[in-house]
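Let's start with one chain on its own, the form predicted on its own, as structure tokens.
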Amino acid sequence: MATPARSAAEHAPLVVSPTAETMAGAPIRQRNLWQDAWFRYIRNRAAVAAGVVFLIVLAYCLIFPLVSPYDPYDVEFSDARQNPSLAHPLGTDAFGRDLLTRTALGGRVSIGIGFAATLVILAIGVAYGSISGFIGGHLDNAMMRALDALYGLPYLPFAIITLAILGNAGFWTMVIALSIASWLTTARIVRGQMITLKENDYIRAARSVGARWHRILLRHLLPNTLGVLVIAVFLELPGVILGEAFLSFIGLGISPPEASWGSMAQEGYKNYRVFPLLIVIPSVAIATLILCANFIADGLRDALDPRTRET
């Protein structure tokens, strides 16, 4: 027969000590915008694959010339136009130079020009678009009409004229020629973002407490355009790389013995009937980088656009 003390213990309610998870009002762990965008980006398989390939190409261009056993400038006519082999996985060019090493060296120049010109485009476009959209009024109207007039300038012919004026086509000459007429779209994008963002409540609150215009612009408006600018980098990069390839292909780009993918394609075009590999390799490299940049930009747009947020 059970004792009264034991019976009471068996029927007593189970008391659970409160923990952080069971306490009312415990904080909920949340992700910020960039963490949320990262998790959304990695669910896009095409964008992830493009990002991996893009990083592999960058690593190949940066590292391989340092570890290659071949000098990319060493001319050896006895090894000219060799087919791919274990010694030369991509063969050799008309001067006997290893194409695997030469392609990596050309990628350094092409990608370097692409990123440098893209940063110049963003700097000019952000400055112009921010001033126009933030100030507004008659100044905005005048700046946009000037932008409309500049849109009439043809991009590549204007770059060719710039190269003809500046003379020797070096790295920074190419950057100036490719960016001087390419910032117009970026300026429009930033101006549209500014017009939208400056009507938000937190901007009105900042003005009501006496925040100066430069603090509002630098502290609140420009950081909120960062997502759009990251996408713009990968949208502008393919056009700049193609522009460099075109200018080099017509003989206005990087001068030998330096190499870029465009100048390698121009050299291959002269001998494509005899040795088509000379033009195929830089063309495939350019196409791969452009496709990767487009897929990355598409994935970033989906990841950073709040309207596609899952409910």
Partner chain sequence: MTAFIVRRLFWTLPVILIVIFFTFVLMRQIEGNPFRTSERNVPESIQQNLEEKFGLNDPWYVQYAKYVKGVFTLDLGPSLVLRGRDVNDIVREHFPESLELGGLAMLFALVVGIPLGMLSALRANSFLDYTAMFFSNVGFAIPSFLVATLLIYFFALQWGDVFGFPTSGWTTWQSKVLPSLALGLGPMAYFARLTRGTMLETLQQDYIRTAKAKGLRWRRIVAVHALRNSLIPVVTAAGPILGFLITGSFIIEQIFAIPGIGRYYVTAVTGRDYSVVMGLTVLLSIIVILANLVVDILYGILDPRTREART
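All figures in this text were calculated on a predicted structure; none of them were measured in a lab. Positions refer to the first chain, counted from 1.
Beyond what is shown, the protein has a form predicted together with the partner chain; the following relates to that form.
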Quiz item: Candidate spot Ala149, Ile165 and Ala287, all three in 4.5 Å heavy atom range of the partner chain in the model of the complex?
Solution: yes
Practice problem: Would you point out which of 212-220, 119-127, 85-93, 150-158 contains residues with a non-hydrogen atom within 4.5 Å of the partner chain in the model of the complex? | Solution: 150-158
Practice problem: Flag Ala265 as yes or no: does it have a non-hydrogen atom within 4.5 angstroms of any non-hydrogen atom of the partner chain in the model of the complex? | Solution: yes
Quiz item: Any chance Ile279 has a heavy atom within 4.5 Å of the partner chain in the model of the complex?
Solution: yes
Exercise. Mark Arg145 yes when one of its heavy atoms lies within 4.5 Å of a heavy atom of the partner chain in the model of the complex, and no otherwise.
Key: yes
Quiz item: Can Tyr70 be called a contact residue for the partner chain in the model of the complex at 4.5 Å between heavy atoms?
Solution: no
Self-check item: Contacting member of Val52, Ala59, Leu66, Ile250, with respect to the partner chain in the model of the complex [4.5 Å, heavy atom]
Solution: Ile250
Exercise. Residue by residue through 230-245, tell me which have a non-hydrogen atom within 4.5 angstroms of the partner chain in the model of the complex.
Key: Leu242, Ala245
